[in-house]
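This document starts with one chain, in the form predicted on its own, laid out as structure tokens.
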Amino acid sequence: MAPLEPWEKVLVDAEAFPATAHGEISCLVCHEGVQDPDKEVAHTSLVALPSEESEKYCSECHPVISNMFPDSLHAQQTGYWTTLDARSTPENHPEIEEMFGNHCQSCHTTCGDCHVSRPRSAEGGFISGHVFEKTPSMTNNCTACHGSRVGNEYLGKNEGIKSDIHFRQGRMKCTDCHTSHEMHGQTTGCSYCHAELPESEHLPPDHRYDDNDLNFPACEACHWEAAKGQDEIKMHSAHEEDTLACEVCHSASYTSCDSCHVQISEETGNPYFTTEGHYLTFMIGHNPIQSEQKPYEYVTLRHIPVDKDAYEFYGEDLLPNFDALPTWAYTTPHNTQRVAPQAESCNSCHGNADIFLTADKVIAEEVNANQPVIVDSVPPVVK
């Protein structure tokens, strides 16, 4: 994604923007400041990013979304804290919070980061001259943050691997599967917006695969016949129902990362995050988050870049419960193929030890953490 020119970042489209609903509102309503021809005076107490306080600046016109969004994963980054809390202890929280604020908080998202500007982590700037886009741009908004893994996989930017079939043949955008209900963190059920529908409530999600949030996408929503083995493809009916996640057969290689650490910049002396490297892999293992919505026995796994000493810059032994969660985590690669290499024949998977996470493929210090996902014996060859 090419960077925006400085003038592009701040230029308000004088023709397009005033013709929109937001363009009919005085600048001061959202940005405060002072109505004055002098720039310095006009910018007195200016609020540059009003959607940082959506409940104050957005709620008058968008009350439903503004009430829900503060509990969303995009706003709270709760998924990070779910895993950090599991691996750490309450007494280590101050150091973990300092680390999080310095290195992770920049991924926190506001309404503006999706609807009017590029996210701040992608250097910000208006994407359409201050025109608010109802549907976020896949490249300027979604993959601006989710680019290194999801974006590269979905758009086919990993060498030798085709783009996702949903993009390649259907030109589907992120929002075709990830709806506004999910993005805004809806927890109160349909009746919150639609009075004619029955009431229902569920807790805010605590990570991106949390089944409490019923808005998350699932392959079965569009491909239920295939998921239940009721179509014409024999491979679908050959496996017991719910044995395999769809990605096991329909994803290609994807990115894993190792060993994220805080390093010190030689130029500034400031701490920054770096990883030892990333690589393409494809691993099948046991499902670490089995549930009613995710009942599969086998799923695809991705190595996440954390180890026991990841945050040692901020203190010693900050992750004393490191083994509480696997470092090979449940993943949903975004490079779906109709026929992936492991599904070309039965024995492309059965008997193929290369694509199963066995103990010999796990770093010695991480074997205990990964016991829930390690496969003890590879499914036998089909004769």
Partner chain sequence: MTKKIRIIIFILTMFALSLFGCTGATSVPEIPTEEPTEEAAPAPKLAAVVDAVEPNYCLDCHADKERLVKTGEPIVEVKSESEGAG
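Keep in mind it's a predicted model, so treat the numbers as computed, not measured. Numbering follows the first chain given and starts at 1. Basically, rigid core = biggest C-alpha set you can superpose within 1.5 Å across the two forms.
The protein also exists as the form predicted in complex with its partner chain; that form is not presented, and the subsequent description refers to it.
Trainee: Would you mind picking the one in Q105, T243, T89, T268 that has a heavy atom within 4.5 Å of its partner chain in the predicted complex?
Mentor: Only one option qualifies, and that one is T268.
Trainee: Heavy atom within 4.5 Å of its partner chain in the predicted complex: which of A343, L49, C27, L325?
Mentor: When its partner chain is considered in the predicted complex, the option within 4.5 Å is C27.
Trainee: Out of 327-335, 35-43, 343-351, 312-320, where are the residues with a heavy atom within 4.5 Å of its partner chain in the predicted complex?
Mentor: Looking at the partner contacts, the answer comes out as 35-43.
Trainee: Please run the contact check for C222 against its partner chain in the predicted complex: heavy atoms, 4.5 angstroms, yes or no?
Mentor: C222 belongs to the contact set for its partner chain.
Trainee: Given that its partner chain is not shown alongside this chain, does C61 nevertheless sit within 4.5 Å of it in the predicted complex, heavy atom to heavy atom?
Mentor: Contact with its partner chain, yes.
Trainee: Is T274 close enough to touch its partner chain in the predicted complex, meaning at least one heavy atom pair within 4.5 Å?
Mentor: Because a heavy atom of T274 falls inside 4.5 Å of its partner chain in the predicted complex, the answer is yes.
Trainee: Please check if V375 has a heavy atom lying within 4.5 Å of any heavy atom of its partner chain in the predicted complex.
Mentor: Residue-level check for V375: no, no contact with its partner chain.
Trainee: Between its partner chain and G101, R120 and V382, in the predicted complex, does every residue show a non-hydrogen atom at 4.5 Å or closer?
Mentor: Contact check failed for every one of G101, R120 and V382.
Trainee: Pull the contact list for 1-28: residues with a heavy atom within 4.5 Å of its partner chain in the predicted complex, in sequence order.
Mentor: Contacting residues: P6, W7, V10, L11, V12, A14, P18, E24, I25, S26, C27, L28.
Trainee: For D354, decide whether the Cα shift between the shown form and the other one is 2 Å or greater, given a superposition on the rigid core.
Mentor: Result for D354: no, shift under 2 Å.
Trainee: Once the core is aligned, please say if the CA of D38 is shifted by at least 2 angstroms between the shown form and the other one.
Mentor: Moves: yes, 2 Å or greater.
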